[in-house]
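Two forms, one protein chain; structure tokens for each follow separately as structure 1 and structure 2.
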Structure 1
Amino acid sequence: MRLRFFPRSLLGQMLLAVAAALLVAQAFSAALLYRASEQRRQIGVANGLAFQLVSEPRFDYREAGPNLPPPSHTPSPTPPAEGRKPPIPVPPEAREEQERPRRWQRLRVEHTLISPLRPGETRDTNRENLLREILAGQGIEPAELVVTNRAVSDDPYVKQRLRDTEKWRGRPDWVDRGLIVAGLLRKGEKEWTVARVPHPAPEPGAVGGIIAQTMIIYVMLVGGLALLLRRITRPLAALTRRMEQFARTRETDGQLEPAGPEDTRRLIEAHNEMEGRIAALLDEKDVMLGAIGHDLKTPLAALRVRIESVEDPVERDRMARTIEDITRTLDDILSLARVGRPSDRPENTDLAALTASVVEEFEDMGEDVAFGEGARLPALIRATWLRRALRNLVANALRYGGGKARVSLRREGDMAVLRVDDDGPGIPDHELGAMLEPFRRGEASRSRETGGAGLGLTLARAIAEQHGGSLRIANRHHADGTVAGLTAEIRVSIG
């Protein structure tokens, strides 16, 4: 399974890795930051509640009686209404002064005789614990403490207060967020003190900040890294192109100048040196092969002339055949060494006519080779080479395959398939692969008598590969499993 957008290049993979690592790190710190701010908010809320509960005056300053709860419009089941006294008249300016703290006080703090926790409401134990700690710090040991969350619409006390204030203050923004309600029953008291705090608004900057920070780091780090990596990968890409070119042409012209960081420079220098050595070795090989060709063929030619003076025609023919064998082997060796660097350019050539002309050569030598002539099949090939490959396959079929060969040519997609069948004993399956190696001959033909150095198939394969194709050899079987013969197929790419 391959991910489609997974980058293949060093640059891409490196950037992806850095980006991913950065994302994880930023996610962690975002989470930590969020937790810290959340904790701060909770403590803030608890402190707010504690402050209200603790600092709530024990008496309503407008009330006379010392131990009476402040007046309340709470619709609690037992409103402490009976203890109420007519308000003390105050001058208008003082009245204005008193109005504000009273409103503030009344919105938040309520005194009831029963627990503010109503049926169906759950206790917010986290906040209770937090609040209890804070109260303990103030030396207050609550007889009972409840904290719960409640929507504004479910709280008649707040609703009532809102109705009073909404007219001239407008609707406060915390209404939609709901309330946190805390009730404290002090030891030895019968009345609960109930404080209310709206749910704190989420801190808006927290997440946005971390995203902006991540973005900036991304641009700086990934951008900088991209620039740095390009300094490494550009010479590498150039080196890759150079190597491909060298593999194709084997020319040392156009070598790269060392560039990039020290490591890349040294790589390029080492590569240039290696190229030089390879080119020198190849040149040496060519010179050597040329020399072998020339130095061996001239004495062979001399020998061939000399045997003409042998009186016995049978002996003379035998000698001539031996010389031909040596010559063929020599040609195969020289060709095999040259096939990698073909000197002639490929031409658009009719494979049907080429196959026919190879088959006709064998016919002219009195061999039994069949070829069902087919339609034209032009392909971009090097005719001299392909002819040689086909000739080798047919010669093998005739030599080891019972003296008969059938040749066929067909097209498969953008490949042309040249097939040679014989009716011989085939090759044991475990030897098939080894048959394509140089100097290999089948078990049955180890004796010198059959001739050939065993380069035929190697050369045929090299030529097929030179034409963008392949060589395949396989046994054909009868229905009963016995070997019907050997099939050799050369595939070459058309065009």
Structure 2
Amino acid sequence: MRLRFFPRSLLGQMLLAVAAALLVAQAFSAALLYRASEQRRQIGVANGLAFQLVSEPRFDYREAGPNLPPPSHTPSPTPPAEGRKPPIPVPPEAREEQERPRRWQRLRVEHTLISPLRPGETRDTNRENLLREILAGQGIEPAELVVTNRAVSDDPYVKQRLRDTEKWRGRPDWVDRGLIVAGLLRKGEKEWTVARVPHPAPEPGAVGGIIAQTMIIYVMLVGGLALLLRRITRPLAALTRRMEQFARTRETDGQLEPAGPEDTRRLIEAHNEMEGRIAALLDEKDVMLGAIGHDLKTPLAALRVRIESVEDPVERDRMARTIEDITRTLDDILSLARVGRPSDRPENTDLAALTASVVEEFEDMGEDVAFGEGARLPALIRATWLRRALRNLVANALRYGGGKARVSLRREGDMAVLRVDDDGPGIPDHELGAMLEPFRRGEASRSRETGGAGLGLTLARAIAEQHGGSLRIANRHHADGTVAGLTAEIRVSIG
């Protein structure tokens, strides 16, 4: 099912495709940028923890107050043991944190005889592996290494340090983010070295930067592409209107001047040439049909006069019916050939009055034709042609539908529906489509009383299509599934 808001024009579909592709690309780009940002933050945290665990510096917690004095007891850094590598240099991420304004609370690295992993806490294996790699790069192979995440309220050490600070001002933002706690137990030692850092805060403006970047790209790329596509689609839209006009009028006046890109210009030139050839063929066809009509109808008229001298009335009537049959078939053939290029112009006509006049013609001939009067329904049509199409349907209903026909007229949206019902045996479903083709009939006889030439439905369909509509035939059924008759509908546009 077609989406309701899916654009139908080439311009709209191209812009939608580009916008969707750009959105997907920007989503991948944003995901990659976010992943890289998270990796930088995690590496910064791991480097900060490694720096504290190895060199045991003081660690700064933000937002503790602008004039907070250092703790009363600040032991000097522990010198490196014999054979141990010197402390790792301060990584750029940790240096950036240390160079921020000194509005932080100072906490020392904790030393404890028990593991920092409290009951109920889970180990952060990803950060453990990353921290282990950094320590291995410094030649340190821990006997045990533990990393976990903990809320500030669950850390007695941090809570005690906060309570011991008398000049604490305000609530630091890292309290809500929680802590990352790392414990290192070196080989040959019994004391754990425990470091803490707050969870890294999101980088400010990252999402806003991606959105701003996306909007700029959208404006530049989609806007530029829209201008380019309009240059391509404007000549195509004009060519479409020209083709619709030529289909209605078959006139070569008003052909388009080639415009747009080279491919579009060549398309317009080829279409103009095709229009010229089609118009020439139609002119030749009209000339040929006129000659055929003149050359055939003249001898038929002469034969019609000559048969009056035949003395046998039965034979004379048979010959007259044969000549009349040939004349009507010829008229149908010529009409079918001319229907695509009518000479008369459409006129505003009341379809109810037109239908009533056709029904009256058959009633005057003593035929059983009924018409349920409908409301006035004006339409711009070629009345002569539509009247002929309706006559063909009524005639078929009388001939094959048990001698009765019911005609109705109604409106459906911007279409008028002329319907003819009969009570005949109908047509097998697999033959309904074939009955609209030329020279196809429901029975094999070509006599006017039974079969005819098989052009009535074909001509009616061509006339309906000439008026922007269609012809539909279908069987009607009783409640028990048996065929109740045939329905033929001519739909013409009145919009």
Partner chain sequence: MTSENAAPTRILLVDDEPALREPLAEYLIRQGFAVTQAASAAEARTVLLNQTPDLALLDIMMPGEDGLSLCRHLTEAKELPVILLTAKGEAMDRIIGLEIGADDYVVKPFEPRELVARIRSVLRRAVRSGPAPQEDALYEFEGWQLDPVKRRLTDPQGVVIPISSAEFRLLVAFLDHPRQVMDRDRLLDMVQGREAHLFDRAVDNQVSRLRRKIEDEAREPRLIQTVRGGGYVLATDVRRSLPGAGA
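Here, a residue number simply tells you its place in the sequence of structure 1, counted from 1. These figures come from a predicted structure and were not determined experimentally.
It is structure 2 that shows the chain in the form predicted alone. In this comparison between structure 1 and structure 2, the rigid parts meet at a hinge, and the single option from 153, 465, 121, 282 located at it is 282. The smaller of the two rigid parts, set against the larger, turns by 16° between structure 1 and structure 2.
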